[in-house]
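Shown next as structure tokens: one chain only, the form predicted on its own.
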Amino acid sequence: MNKVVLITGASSGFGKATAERLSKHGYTVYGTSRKEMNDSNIHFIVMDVRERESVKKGVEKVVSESGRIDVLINNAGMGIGGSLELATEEEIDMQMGTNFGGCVNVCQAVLTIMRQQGGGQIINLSSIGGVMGLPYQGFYSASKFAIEGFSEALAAEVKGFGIKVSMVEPGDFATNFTARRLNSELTAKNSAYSASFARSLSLIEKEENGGLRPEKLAEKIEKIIECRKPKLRYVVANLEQKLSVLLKRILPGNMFVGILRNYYKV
């Protein structure tokens, strides 16, 4: 059977690369974007994952046209850089509401469909920033930590309905995420944080721009879809970043935070 896949945030980056790969390999792919998009191989839907009514209408459109949703890939997300102390209420709401709230909204809308059809698969995009708190990306990390806890609980709750849940934890990738990151003006102008923030941000941007290609992550997601018994977590990163995830698991907390401080020049 030709699987029907819904990918949020499919207009660029991971979402676009994954949508293009799966469409090329015979999947029926629906991709979401906040603006109108045209593509002969991908069925684009206008959806704002932060708005429940928008999500509801988008999911209903997929089901009305294809009759089912076999795979949901929650990819939509954004980043805001800055100090935790100076983050505004608007910045916090935007960061948490898009990355975590958006994931929850789409999962809730699709889960009912998957239970009714007797199964399905959900792949949530986390990050290695979802297993370690990254300096000056604190609320981004918080949003991804939230996805980790949510997905772990979800996997336990829906296994009995034949629904498989996995998380993908990417490291640094060369996408337009870097250019689209919003950075805190208050942090950049604050004498206590500005110099440290500038050093850290420079390193972050350098590593992202020199990171892996999004097609590598798209290839991994396809393998997860095709796997009969997928794992809960998949780290997709270079060797150094995979090692950092391992160190986080085995080192004392204070020691690991020290490593992060030195690495990010905080």
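For every residue, the number given is its place in the sequence shown, counted from 1. Keep in mind that what you see is a predicted model, and the values were worked out from it rather than measured.
In what follows, reference is made to the form predicted together with a small molecule, a form of this protein that is not presented.
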query	finding
Contact flag, S33 vs the small molecule in the model of the complex, heavy atom cut 4.5 Å	yes
Interface membership of T112, the small molecule in the model of the complex, 4.5 Å heavy atom rule	no
is_contact(Y136, the small molecule) in the model of the complex, heavy atom dist at most 4.5 Å	no
Partner proximity in the model of the complex: G120 to the small molecule, non-hydrogen atom cutoff 4.5 Å	no
All of N75, T98 and F173 with a heavy atom within 4.5 Å of the small molecule in the model of the complex	yes
One residue of R50, R68, H43, R233 in contact with the small molecule, assessed in the model of the complex (non-hydrogen atom, 4.5 angstroms)	R50
Which of 83-91, 153-161, 123-131, 191-199 sits within 4.5 Å of the small molecule in the model of the complex, heavy atom basis	123-131
